[in-house]
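Have a look below at one chain only, the form predicted on its own, in structure tokens format.
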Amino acid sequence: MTGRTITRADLSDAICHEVGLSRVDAAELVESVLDEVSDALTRGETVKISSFGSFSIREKAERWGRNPKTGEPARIDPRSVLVFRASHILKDRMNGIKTSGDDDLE
């Protein structure tokens, strides 16, 4: 399954064409939304986007792993990881199942 990557420029272009904002205003809007999402996640908040999914931060504890090259045990430091959970509407859409919420995504 190969696909192309959607960039900030692609999002800006889509907003420009769909909403009618100038390219500069659309780019500023994309940056503003992404900054708000990043800031909220940094504060430890969950970001929920209706009919799309939710982003949250999960704390992973320190643990022991193994260096794949040498086979030696290695300590893995505690860290925060970003978790995305797709909404059931998005999951259904990805699997070609038509739901009543699909109108929100088009």
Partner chain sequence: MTKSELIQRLADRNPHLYVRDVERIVNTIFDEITDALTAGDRVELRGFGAFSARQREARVGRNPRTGESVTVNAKQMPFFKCGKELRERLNGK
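Residue numbers count along the first chain shown, from 1. Values in this document were obtained by computation on a predicted structure and should not be read as measured data.
Separately, the form predicted together with the partner chain exists; it is not shown, and the next lines address it.
J.: Taking the shortest heavy atom distance, is Arg75 within 4.5 Å of the partner chain in the predicted complex?
T.: No, Arg75 is distant from the partner.
J.: Residue-level question: is Arg23 within 4.5 Å of the partner chain in the predicted complex, judged on heavy atoms?
T.: Judged by the heavy-atom cut-off of 4.5 Å, Arg23 is well away from the partner chain in the predicted complex.
J.: Considering only heavy atoms, tell me if Ser50 and the partner chain come within 4.5 Å of each other in the predicted complex.
T.: Yes, Ser50 lies within 4.5 Å of the partner chain in the predicted complex.
J.: Can you check whether Glu62 is within 4.5 Å of the partner chain in the predicted complex, heavy atom basis?
T.: Glu62: no, not in contact with the partner chain in the predicted complex.
J.: Of 53-72, which residues get within 4.5 Å of the partner chain in the predicted complex if you count heavy atoms?
T.: Sequence-ordered list: Phe55, Ile57.
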